[in-house]
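One chain follows as structure tokens, the form predicted alone.
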Amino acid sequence: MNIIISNASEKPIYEQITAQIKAMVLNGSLAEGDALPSMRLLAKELRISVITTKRAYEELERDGFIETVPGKGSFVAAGNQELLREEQLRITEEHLARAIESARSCSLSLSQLQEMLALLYQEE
């Protein structure tokens, strides 16, 4: 598992871990039933405290992204499609809010922003 921790980030390390694992689940690079590294192994690989990885895993479990089986480890939870969709919508809203803020800062009108979004959306 390729998780990158940035000491320069404003986000706490456990939030960086949870965000990256959520992204891997959402984009399909981690599939239902896939095993996650043990908390100790992940802590060793990232050179961080086991307490930090424990907190990240607890958050992921609370949010329904992983399931922990005592004595066996942590696994990607069964696909709750509604939960995954809701998370994707939340992320999209955050990105759009930043785009709107940027558009307002340069006096871009709503119609100009909508036109730009339509063009970008059609490029795919």
Partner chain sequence: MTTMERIHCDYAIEAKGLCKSFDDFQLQNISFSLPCGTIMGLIGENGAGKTTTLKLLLGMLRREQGSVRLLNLLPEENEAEVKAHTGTVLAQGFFYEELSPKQMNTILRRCHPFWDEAYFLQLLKQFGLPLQKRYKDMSQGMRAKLKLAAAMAPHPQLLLLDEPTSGLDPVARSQFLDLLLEFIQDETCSILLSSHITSDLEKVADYTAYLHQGQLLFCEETSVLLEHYAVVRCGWQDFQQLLPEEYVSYRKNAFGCDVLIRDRNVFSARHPEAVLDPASLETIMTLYAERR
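None of the values given here were measured: they were computed from a predicted structure. Numbering follows the first chain given and starts at 1.
One more form of this protein, predicted in complex with its partner chain, exists but is not displayed; see below.
Residue stretch of 62-70, 36-44, 88-96, 23-31 approaching its partner chain in the predicted complex, non-hydrogen atom distance within 4.5 Å: Of the options, only 36-44 has residues within 4.5 Å of the partner.
Under a 4.5 Å heavy atom criterion, is residue 74 part of the interface with its partner chain in the predicted complex? Outside the cut-off, so no.
Residue-level contact is defined here as any heavy atom of the residue lying within 4.5 Å of its partner chain in the predicted complex; does residue 78 satisfy this criterion? Outside the cut-off, so no.
Do any residues of 44-65 have a non-hydrogen atom within 4.5 angstroms of its partner chain in the predicted complex? If so, which ones, in sequence order? Read in sequence order, the residues that approach its partner chain (within 4.5 Å, in the predicted complex) are 44, 47, 48, 49, 50, 51, 52, 55.
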